[in-house]
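Shown next are two forms of a single protein chain, provided one at a time as structure tokens under the names structure 1 and structure 2.
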Structure 1
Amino acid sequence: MNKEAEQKEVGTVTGIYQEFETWQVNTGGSTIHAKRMPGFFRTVKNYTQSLWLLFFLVPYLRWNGKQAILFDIANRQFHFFNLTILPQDIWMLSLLLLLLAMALFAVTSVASRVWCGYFCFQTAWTDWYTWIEDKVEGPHHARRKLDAAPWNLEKIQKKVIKHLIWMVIALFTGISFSIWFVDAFDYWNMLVHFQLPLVGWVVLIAFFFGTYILAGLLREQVCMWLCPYARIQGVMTDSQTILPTYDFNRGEPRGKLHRKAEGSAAQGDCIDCYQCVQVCPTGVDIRDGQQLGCITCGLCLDACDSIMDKVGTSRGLIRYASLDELEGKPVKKMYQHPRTLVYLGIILLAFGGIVYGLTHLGSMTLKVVTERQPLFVRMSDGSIQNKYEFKVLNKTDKDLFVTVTAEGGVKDQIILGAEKPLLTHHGRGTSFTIFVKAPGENIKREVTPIEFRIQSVEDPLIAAEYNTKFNGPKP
């Protein structure tokens, strides 16, 4: 097949197969030993990844004698400093998840896989693990040599040290995850006495192995074949998204530096030094264009820039750029990118919902269930009695006494069962029965609206109302 015919077939079914032969599919057959190079994006990455230190440290933060942030699963409460959120308010969590998802989408559509490259725990932990590998076994070329070398005392020693450190990190990852859900100091106490409950051991062991295997052994394979977000985010980029891109206009045709020096015609800026491939943690060649293996971490930009500095040409042969920009199409402004605007709109809505929820939490809720069998009871003096089941949720952190009053209802009605203030337990529901008795002759309708109000004796600002009905016979 000659060159011309081949060109014609691109874009047909056969074209796909031809492309396939140039695809580099990394199935993890050999470990990728990436070179570590300093640079702007490496520094940014170090800072963004170090946010994960919060994951390890925040659970030890105390607030008013309690853990400041605690997802207390056993007691079904979420503590956030002064705030306690009960499962009844969990709808805000769904808005929070929506907000986070949309933030991910919006950032991805603007600047591609920022999450993957700079924030993702898989990237962060893998980076730390390979940093330890680098310290213990030496730089990338030494590690490659060590892997190929026959087993001897030195190799065993290095490998054992590396895996031990990995395991310690994995263990701390498991512990740190757990103490977001159980009081940190209680957890350590139970742990060192080997008294964790079964579920605690299961979580710890799962996270220990999960961290060790995912970050230590699988590494970039997780991003390629396990992570659904990697694929989702890949399809959310378009020709307007800026992402690490090789400027093929400037770089091609690539060639070694000495050939360029010899003055061969029409040589591009790329000197084919392979530094961009060497530093890539997922082992892709960015010069093949955007591909699923690229987590857009920007490390190849650092590598290329350092080379460009050395050969004396300008930086940015590999840079954050959109496809439109490279192909010379007009670059649209951010507000001309409708998808991003839609994402932003949803983010604002979700954020508004959360703000509304947090400011309208209330410290007490009331629900009144009217007895339905019988709807009402005729008493011996001819009055009509209704029975109500009060369900009070006291969201404060102390037990409160409440009084019960009613608005509306029937003239001269009396409330029975709340002669003394009633106790409501904090942090859980309390139910009590209240009767309302009204003279039969005052009942004008079968159904009379009535509004109950409970009010704390200790703090009159803590109150709740509920609208319900008073049932009677047909007058």
Structure 2
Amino acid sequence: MNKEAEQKEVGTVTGIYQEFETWQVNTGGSTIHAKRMPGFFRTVKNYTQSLWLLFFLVPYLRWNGKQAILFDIANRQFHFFNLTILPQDIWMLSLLLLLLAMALFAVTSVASRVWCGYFCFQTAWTDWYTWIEDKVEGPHHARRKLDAAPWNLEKIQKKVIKHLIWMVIALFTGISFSIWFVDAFDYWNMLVHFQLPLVGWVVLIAFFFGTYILAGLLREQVCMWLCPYARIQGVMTDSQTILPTYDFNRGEPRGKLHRKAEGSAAQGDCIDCYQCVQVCPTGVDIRDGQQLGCITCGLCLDACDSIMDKVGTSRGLIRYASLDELEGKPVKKMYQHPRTLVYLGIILLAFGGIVYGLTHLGSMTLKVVTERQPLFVRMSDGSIQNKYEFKVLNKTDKDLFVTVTAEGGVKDQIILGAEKPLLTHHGRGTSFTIFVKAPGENIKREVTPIEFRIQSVEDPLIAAEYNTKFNGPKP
């Protein structure tokens, strides 16, 4: 870099110092107005947060004339396209929650709070709110001046516009949450006619104020003081965890750029510009080491790299690295972390259980309970009769008639009570009683295996089997 260009860069960066000479962690006494800077991690953050658009859009997806994905709590059903999951399959939900929890723990043990920095709904909504604030009130320094300025028509106008947009987003957040549990078009029809039930109004109002207050007013205070994940992450990370770190060996002792330009001895690469602090959405200074407020978003890396480019120094003063790496200790590979391998093992087991459950879910299930008092009845003609209680769970979205057949059992046996197809109700269990009668002389043993099969009249592919036994007297 020639002398003229260097002086220009010195002048550019020196202007930064005039804004912040000191910095303290914000504990809620004032609003943090983080600077928005372009960069690699900002781009990644924008893309990952855009995944939350699915939260708003997916409930409007239709499938066979109905909402494709619906958590129908009123009818105790979960509809996922053609798949219907009922309370009897709740064990798969438990496995799913276990899988998500272990995935969060595994990612945290390897790369710290990347969920907080890139995917968390609180982080996403807060970032959208501050982006709107930036567009309405101006960049970070203009917003601080506006907050400190006396109230006038311009300030009132900007504040009102910003808060109205915030409220619209909060309102749509509450609506979008509700329509995951109620048909979207039915919900809108009830909403515009003010016919929502009491629970509907309570949920909508709660999400409206919750979103507006948490994302618009509290912001980073939620991450620092309300979110339990910030408290428990310490037990999931260690000195091998990769996270945004300040290379103190290279950066210290820090000093102003003009001193470095003058050739001051023993000065590190950190020019004390505070750009890493200004872009931080929680207002922490990464140079002070790991702190509770760091959400691992990487925005400080973008800020520091941009300054390093301007002053002609190599990037990476702030970078993703482990504490052991900074201290020159051997760095383990991810597969060398026993704790991470345990997490991965649990994830694979849970995933395997979910896949097994979905592939063996079926559209109908059958359970047969044998009468025990008495085990059998001897009829007047010498035949032996058993009584069975059939419990059929129809998981489809329509009532079905089923036929009952049996394989195995006793020769010349007949089924009573299912001479005609039986009606099963959709989305719930249906019970009916079946009798099986067999000639006494054909019974060769006390317990004979028998398999019952029910099959839909409308769709023969919908069927279920159950193995049980036919009881008789001792031969």
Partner chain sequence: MSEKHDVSGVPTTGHVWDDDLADFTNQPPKWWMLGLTASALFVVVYWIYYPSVPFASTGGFFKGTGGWTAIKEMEADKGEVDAVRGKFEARLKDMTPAAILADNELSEYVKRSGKVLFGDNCAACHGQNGVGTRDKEGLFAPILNDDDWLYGGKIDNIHETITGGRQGMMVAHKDTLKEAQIVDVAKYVKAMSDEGKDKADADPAVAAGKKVFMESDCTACHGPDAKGMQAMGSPNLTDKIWRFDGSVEGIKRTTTYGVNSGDPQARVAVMPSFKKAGKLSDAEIKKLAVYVYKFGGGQAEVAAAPAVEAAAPVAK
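If you're wondering where the values come from, they're calculated on a predicted model, not measured in any experiment. For the two forms, the rigid core is made up of the largest set of C-alpha atoms that agree within 1.5 Å on superposition. For residue numbers, the reference is structure 1: its sequence is counted from 1.
Visitor: With both forms of the chain shown on their own, indicate which is the form predicted alone.
Guide: Of the two, structure 2 is the form predicted alone.
Visitor: By the 2 angstroms cut-off, has the C-alpha of Asn442 moved between structures 1 and 2 once the rigid core is superposed?
Guide: Where the cores coincide, Asn442 still shows a C-alpha shift between structures 1 and 2 that is 2 Å or more.
Visitor: Comparing between structures 1 and 2 on the rigid core: C-alpha of His141 shifted by 2 Å or more?
Guide: Shift of 2 Å or more: no.
Visitor: On a rigid core superposition, would Ser112 pass a 2 Å threshold for CA movement between structures 1 and 2?
Guide: False for Ser112: its C-alpha shift is below 2 Å.
Visitor: Aligning on the rigid core, what is the distance the CA of Glu419 moves between structures 1 and 2, in angstrom?
Guide: Taking the core as reference, the C-alpha of Glu419 is shifted 3.2 Å.
Visitor: After superposing on the rigid core, what is the C-alpha displacement of Phe376 between structures 1 and 2, in Å?
Guide: Displacement of the C-alpha, rigid core superposed: 6.9 Å.
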